[in-house]
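There is one chain below, alone, in structure tokens, taken in the form predicted alone.
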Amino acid sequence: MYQYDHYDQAMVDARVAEFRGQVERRLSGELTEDQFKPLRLKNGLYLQLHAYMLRVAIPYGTLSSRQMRLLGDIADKYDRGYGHFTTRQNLQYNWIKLEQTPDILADLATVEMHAIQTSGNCIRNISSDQYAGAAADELVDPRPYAELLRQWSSFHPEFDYLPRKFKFAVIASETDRAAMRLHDIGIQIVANAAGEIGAKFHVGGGMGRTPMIAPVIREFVPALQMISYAEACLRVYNRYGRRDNKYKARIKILIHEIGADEYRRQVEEEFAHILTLGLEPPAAELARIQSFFADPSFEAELPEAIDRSDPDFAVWLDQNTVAHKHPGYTVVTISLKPIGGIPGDASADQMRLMADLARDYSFDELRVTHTQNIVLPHVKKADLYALWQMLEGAGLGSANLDLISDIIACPGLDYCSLANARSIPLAQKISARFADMDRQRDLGELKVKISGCINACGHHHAGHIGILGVDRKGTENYQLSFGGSEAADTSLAQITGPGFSEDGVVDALEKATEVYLAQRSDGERFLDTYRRIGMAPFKEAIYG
């Protein structure tokens, strides 16, 4: 994984010192809340319903054991003993005291971490494929390109005050595990006919109140021109993006209004100009970054056979592991979705345990997924049983990856000042209703996503079943949607009809699964059946 040089460290240390002074001025009354707000947001500090929330950046979701261990220690020292992993591969602390925030940032800086640009109208944390560098189906490791984007975008003076927040995702396989086409810019690392590596740009995706799937703006940009093309995309947006109406400020609205062809024309014009300025990073810099992402020292001729005699282990093995590119290894997903638990939450002790497991079993590396789980990317098959036993003992052994209880949920009205409804209790009720693992496995892949407001932090538009909490005359009400997907077959979920109470939406979801079980063909997922038979049979069962 990437390691800071003295420029990176100096940049982060300077930001900590600067913010310490800003906090002192706020506490003394020298700064009003209105004056302080843009300063704290640039450092990932939000004022939520009950306390301050700090969002820590985890670039492209990659962590070392040392970093994960410190995140657990911070949870104990400054919070209430837990942290919340988010859909942007970040971590949030929900009970932070303002006066302690600079100390937290200083602690993070000791392990090459920060909270810079995790909020505000700037380029946010760059996300990527959680299986990067391990997946059997990837062209190359996409993280060096994500790191190049991170370095380019950090403190970029031209894009420090964009019309609205801006999100990148970078992948390098045909299988999209990062919801790439639902980002402001989604980049797929590809090879052209000559075998040269470059970037395919999708621009103008997003969720929120106006969900859109990003169109392809350019099929191929040479790798060392990727930054210049990204610069061109941002310049056109920065020039014309709406600043008078935050609901129309995202790049997806600009592209929708002027059309993808006109946006592409202007980007190409700007790109041609930028190329004359020589802004591309030198090839040596990309090579330097790539050197940090070289494969670990995989052992050769490891055994492939796994003892499956323990039935519970066999179920976990089938559900929570995927093929690794190197023989004798596998990729392990640690579920943060136990039955009745809060999706994405991990206790300080669990974080420290996962750090130890990464150190002992996965070349000192972990990944945060956009589905709020944790990945150990490089585990020997011979070590899987011992690993699973330790996960089981810590409440981290749920065998539910991509099943109905593997729910994405935003913090909702329990924490967020923007929310209209609670997400967490609903997720808990759904997982309890479908607690039986045989039933979950019979349903198969079924991705449920819950948002507590139209901002869609729970990605409900991309759920096979999506749930949106709204305020209906002072009462929490839940809209149910079917047919979304964040994968390569990206689609947006469609609303079924009138909303439900919290208990009512759980009942409606159960009725929908009954329709699926009655109507599915061999090998069909819920999503496949819905696409084949349409909404009508589901609406009939739900609304009668």
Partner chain sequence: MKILTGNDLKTGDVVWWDGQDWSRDVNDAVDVGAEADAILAREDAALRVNAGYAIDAQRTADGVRPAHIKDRIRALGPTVRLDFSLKPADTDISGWVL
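The structure displayed is predicted, hence computed values, not measured ones. Numbering follows the first chain given and starts at 1.
The form predicted together with the partner chain is left out here; the points below concern that form.
At the 4.5 Å threshold, heavy atoms of R55 stay clear of the partner chain in the predicted bound form, well away from it. At the 4.5 Å threshold, heavy atoms of L418 reach the partner chain in the predicted bound form. Remark: E262 does not count among the residues lining the partner chain in the predicted bound form, judged by a heavy atom distance of 4.5 Å or less.
When the partner chain is considered in the predicted bound form, Q428 lines it closely, a heavy atom lying within 4.5 Å.
Only one of the listed residues (L47, I495, L492, A487) places a non-hydrogen atom within 4.5 angstroms of the partner chain in the predicted bound form, and that residue is L47. Of the residues K325, R243, H156, R80, just one reaches the partner chain in the predicted bound form with a heavy atom at 4.5 Å or closer; this is R80. Residues within 4.5 angstroms of the partner chain in the predicted bound form, judged by any non-hydrogen atom, belong to 409 to 417 and to none of the other stretches in 144 to 152, 179 to 187, 368 to 376, 409 to 417. Contact annotation for 77 to 104: residues with any non-hydrogen atom within 4.5 angstroms of the partner chain in the predicted bound form are R80, Y82, W95, I96, K97, L98, E99, listed in sequence order.
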